Every structure is written in structure tokens, then in C-alpha cells.
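Here you get one chain, nothing else, as C-alpha cells; it is the form predicted on its own.
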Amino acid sequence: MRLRVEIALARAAGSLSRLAGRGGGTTIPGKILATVDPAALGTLAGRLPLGSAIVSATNGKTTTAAMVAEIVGDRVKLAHNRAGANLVSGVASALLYSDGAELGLFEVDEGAFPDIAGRIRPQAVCLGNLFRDQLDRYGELEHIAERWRTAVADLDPAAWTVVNADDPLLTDIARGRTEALRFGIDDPSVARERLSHAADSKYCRTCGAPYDYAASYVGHLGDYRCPNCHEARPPLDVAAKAIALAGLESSSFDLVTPEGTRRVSVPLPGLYNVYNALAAASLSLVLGAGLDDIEAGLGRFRAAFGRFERITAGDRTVLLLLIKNPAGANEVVRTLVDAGAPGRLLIALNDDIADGRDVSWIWDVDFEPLIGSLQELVATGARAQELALRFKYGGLDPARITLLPDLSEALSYGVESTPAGGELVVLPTYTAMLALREIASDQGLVRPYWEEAVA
């Protein structure tokens, strides 16, 4: 009875928030419930007949979880925090509105993963990657990895651990797990010529020697081996082979699994989205999906908001590509260059708590490959001046830099400066992306993200 009353009060608060035109309806109910009854999260999760699955990573967790929802959502009813509210409050809110749900599918912040996993006791976890991100909030990667290691060790022995074996940290975390599925890329044709200078976990987990890479794909992810103690990437249970990247439109690859091989296509660009699709396919397999389900789900998937999202603005389009750390931003740059670098680019750099107060990471992003074809950079956001300085030192003529810290003014200028029928490419950090979408929503170009989440 007490829990029913708490749920009713929390839902009422969420309804009032949405009626007031605020997006807090995706988190406020969960905040209230988790505050008045900390045990409620576990209680609600325990009622799901098929249990729960968690997706966590530094980069790509929103997209990966949304892909899994597309793959398995036709077979089972999901409790899913589709708006990307990935702290305890967001997961609790998703469970609050889970009437009739059979399976919980939760994207979880990497810092919150140990707490949430301990509360809901998932039947499967999918760990996509660990990159340096928001050092002022998370600390060094070793700190996060150690907390993940403890959380994974505390899982039920029968729970599945699905990990990206191309990440040495994650391979180490999953070591010794009986129910483990390891995925990765096996296609040297799409590898980088050398390991990125901003790569993170490039030293052997056992002896500390630098890894040798037969293939380096994204950041420190790749086919690695220690020349000293011979610690190496383990055999892959699920792999992507024969990868084809079609500019800014799509990617396709041979999905090699224990169930067979299937050619799959994803309407998203870039090698990083191949990793997201691999992670989603691997988790879906342990949740009972077949290759037909995976092929169909990935084929009809549409990007999560702000992650390769196209917004129509009259006779022009705006393409949003989220950036938030060196590894992710470098892959966005790589994808843009491979597709033909744009002549005009709007980059929005904020330093709110959700972005990380320390923006020194922009100096580890390889923006230089964009500069040769860049006719104009529109620098905006709270740290627009530092962004402009970064491009000046990168070699861009200051006369080609337009400094407009106000996001609304910058977006209007960028759209108006784009030729009719053209596309404005926008690279925002997280809170800048939310703010730009709100501006677009106020102009009637998109629905508010929280409306889409509860639709």
C-alpha cells in the first residue's frame, strides 16, 4: 500500500511538471520516489517478469540502448528510459511508468552504473567502452574501471556480461565471468594508420608495457597484444567484418555470431556507430533475439535525439552530431572528413555540470583535418572564446571565425548563412545540444525530447 501511494504521488508530480511545459517529467517522479523510498527501485525492477538489462559506456550508450529497444521491442513490452535520463532518478521514472512491462532496458551513466546495478540486479549488462571524459566529475579511467570491476563481480553468477573486447579495460573487467559474450571489430581495412595520440588505455593491464596494435579502430579500441607478457584481445564471440561506411548516410557490415552470419545495415554513419550496432546486437542475442530480429531492428533504427539528428529548417537542414570528449569528437571529425568536410561548421561548447567544467579536452581533439576546407567556423556556447582560440592555434584564419556566444543567435545566423537546399553541420556538447533542440522546438521544428520520450 505504501509503495502504491508513493507511486501515485510521484506520477502526479511528473504530470504537473509536463503540464507546466518542462521536461522534468522524465526525472522528477523518480527523484521523489528514490528519495522517499530508496528500496523502491529494486522492488519495481523485481516485478519485471523477464528481469532487466543495463547498457553503460562513456560514448554511445543512448544509441546502443535505443537500438536494442528497436530490436526486441516488438517481442516484449519494455520499461525503457528512452529520453536518456540515465541516473537513478531516470531509471526510477522509467519503472514508475512500466505498467505491463516485461523487460527493463536501461541506459545507465558510467558513474551511476555500480549503484543502479546493485539495486536492480540485472540479468544482463552491456559495457561498451571507457574513455576519458569529464575528469572533474568522474576522475581518471582507473577509478571508474575499478568501480565497474567491483560491480560486475557482485552480479549474479548467472547474469550475462556483454563487453567490447576491443577495450582492454573491459576485457579485464569481464575476466572470470562464466556467462560472458565478447564483441569487437575484425576488419583492418577500416583501421587507423596509427594509434590516436589521445588514446587512453594503451598500456598492458598485466605488466604495464605499451600494447602493440594489429589494428586500431576508435581511440584505444582495437586488436591489441602486449609484446612483453603476451596479454591480448580475446577471441571474439560476435564480430563486425567487411565494413562499408557510406559517408554521412549509413554503414553496413557482416555480423558474425554463434548463430551465423548476417549482412546488416544501419542508417547511421561512422565506425563508432558500427560499435554501437555490435553492442546492441550482442546484448539482443543474450536477451533472446534472433538474427532476423537484429537485421530488421537495425535496418529501421533512427538516431536518438541529438546523435546524428537532422532537423528541417525551411528549405535547409541542420545536422546535430553530439561531441563530449576527445575519443568521440575525433570520430565525428573522421566521419565528416571521410564524407567530405563541410565548408561551414557550427560548434557549441558549454561547460555546465553535465558537460564537465573542464573543457581542456578540446585541445586533444584533432580538428585540424577539417580546417583545410573550412570557410567559416561559427563558435558558440558558454566557452565559445576558448573554442575559437583552439581553432586559431589549429591554423584556421581568425577572419574565418565568427564568435557568437548566444546559442539562439548562432543557430539563426548559421541557418541563414547556409545556402538554400544546404545543410548546416552542428557539433554541440551535451547541454548545448539540449538547448539547441529547445530553440528548434520553440520554433516548431522538432518536438521537445521529453515529449518524444513519453509518447
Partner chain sequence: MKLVVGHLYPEYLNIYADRGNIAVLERRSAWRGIELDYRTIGLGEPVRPGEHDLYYVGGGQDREQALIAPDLAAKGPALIEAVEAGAAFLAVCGGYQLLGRFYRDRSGAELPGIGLLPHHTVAGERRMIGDVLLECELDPGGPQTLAGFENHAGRTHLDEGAEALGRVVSGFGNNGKDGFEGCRVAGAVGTYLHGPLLPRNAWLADWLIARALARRVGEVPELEPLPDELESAAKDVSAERAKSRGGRF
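Only a predicted model underlies this, so the values are computations on that prediction, with no experimental measurement involved. Positions refer to the first chain, counted from 1.
Although it is not shown, the form predicted together with the partner chain is what the next lines describe.
### Arg192, Lys202, Arg147, Arg119 - the one with a heavy atom within 4.5 Å of the partner chain in the predicted bound form
Result of the distance check: Lys202.
#### Entry: Heavy atom within 4.5 Å of the partner chain in the predicted bound form - residue from Cys226, Val365, Leu291, Val256
Filtering the options by heavy-atom distance leaves Val365.
### Query
in the predicted bound form, does Asp187 have a heavy atom within 4.5 Å of the partner chain?
Heavy-atom contact with the partner chain at 4.5 Å: absent for Asp187.
### Task
Give a yes or no for Asp351: in the predicted bound form, does one of its heavy atoms lie within 4.5 Å of a heavy atom belonging to the partner chain?
Yes.
### Query
So in the predicted bound form, does any heavy atom of Arg82 sit within 4.5 Å of the partner chain?
Flag for Arg82 set to no.
### Task
Consider Glu386 of the chain shown here, and say whether it contacts the partner chain in the predicted bound form, taking contact as heavy atoms within 4.5 Å.
So Glu386 counts as contacting the partner chain.
### Task
Establish, in the predicted bound form, whether Arg316, Arg344 and Ser441 all lie within 4.5 Å of the partner chain, using non-hydrogen atoms for the distance.
No.
#### Entry: Option from 296-304, 90-98, 282-290, 377-385 whose residues, in the predicted bound form, bring a heavy atom within 4.5 Å of the partner chain
One stretch meets the cut-off, namely 377-385.
### Query
Which residues from 324-361 come close to the partner chain in the predicted bound form, meaning a heavy atom within 4.5 Å?
The stretch touches the partner through Asp351, Arg357, Asp358, Val359, Ser360.
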